[in-house]
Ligand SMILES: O=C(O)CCC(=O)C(=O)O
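What follows is a single chain, given as structure tokens, in the form predicted alone.
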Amino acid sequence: MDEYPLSEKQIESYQHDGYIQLHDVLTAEELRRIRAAVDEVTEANIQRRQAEAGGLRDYDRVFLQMVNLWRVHDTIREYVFSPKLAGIARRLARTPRVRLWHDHALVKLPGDSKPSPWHQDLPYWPMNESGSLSCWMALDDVSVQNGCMQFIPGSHLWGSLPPINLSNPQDIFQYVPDKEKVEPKVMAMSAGSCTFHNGLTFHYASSNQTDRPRRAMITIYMPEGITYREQRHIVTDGLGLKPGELIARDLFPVLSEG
């Protein structure tokens, strides 16, 4: 994959706002391959959850989430290890290298769909430092009707706030001064385009009101020097990480340096 053109003005915009939208990042063939892979693992996961639990949970109606697919699917591994995407993350974060935190596919199913409430990501991650960032790749054309991303510019500067329950959410804006001045920016975009956002940036996605799934592939990158904060998380549970230890084992490979 060729390097994606990224200007200094765009990097400054990301640093200022805490997010950026980038158009036509994937080629038609790259998009076709990752769509097919996500469809494959989605169908397998729906069947498994129906067999194990008799149906989907309330959380699944916010979004169907599948984590660290790079470890079980070759096409998704190729996508997650993309130097084009990791290079964007490294340049946006202004860091000499980025590591993988984890990937996850997020699918908003049609029908009984719920919004993804306003939240930050970092409070859910066992990290002492801020600066990690997510690439949210649209695998379908996205709009308010099917659950595109929305951001609050500059909210990454408000600090880390308490995490909220995503399936039974509280109002995160109760922690925000001058919340009447908050104006969300809606990120409608075509498939193969994406956003990158800081782990502290407030974001939201509406429910899927269409008759088709809304598919997205998320890759989360850690800048150089992120250390472990003792906290339960599906990715680090059982690894035996010590508080303050650099998150740098084989599960968190370097994806770009320069």
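Just so it is clear, the model here is predicted, and its values are computed rather than measured. Throughout, we count residues from 1 along the sequence that is shown.
The protein also exists as the form predicted together with the named molecule; that form is not presented, and the subsequent description refers to it.
Looking at the partner-bound form in the predicted bound form, is M149 within 4.5 Å of the named molecule by any heavy atom?
-> Contact check for M149: yes, within 4.5 Å of the named molecule in the predicted bound form.
A205, heavy atom within 4.5 angstroms of the named molecule in the predicted bound form = Contact check for A205: yes, within 4.5 Å of the named molecule in the predicted bound form.
Could you confirm whether I218 comes within 4.5 Å of the named molecule in the predicted bound form, counting heavy atoms only?
-> Yes, I218 lies within 4.5 Å of the named molecule in the predicted bound form.
Spell out, yes or no, whether the shortest heavy atom distance between S116 and the named molecule in the predicted bound form is within 4.5 Å.
-> Contact check for S116: yes, within 4.5 Å of the named molecule in the predicted bound form.
Which one, 182 to 190, 70 to 78, 103 to 111, 83 to 91, holds residues whose non-hydrogen atoms are within 4.5 Å of the named molecule in the predicted bound form?
-> Only one stretch qualifies here: 103 to 111.
Does the trio D121, W136 and H197 actually contact the named molecule in the predicted bound form, every residue with a heavy atom within 4.5 Å?
-> So, yes: the whole triplet contacts the named molecule.
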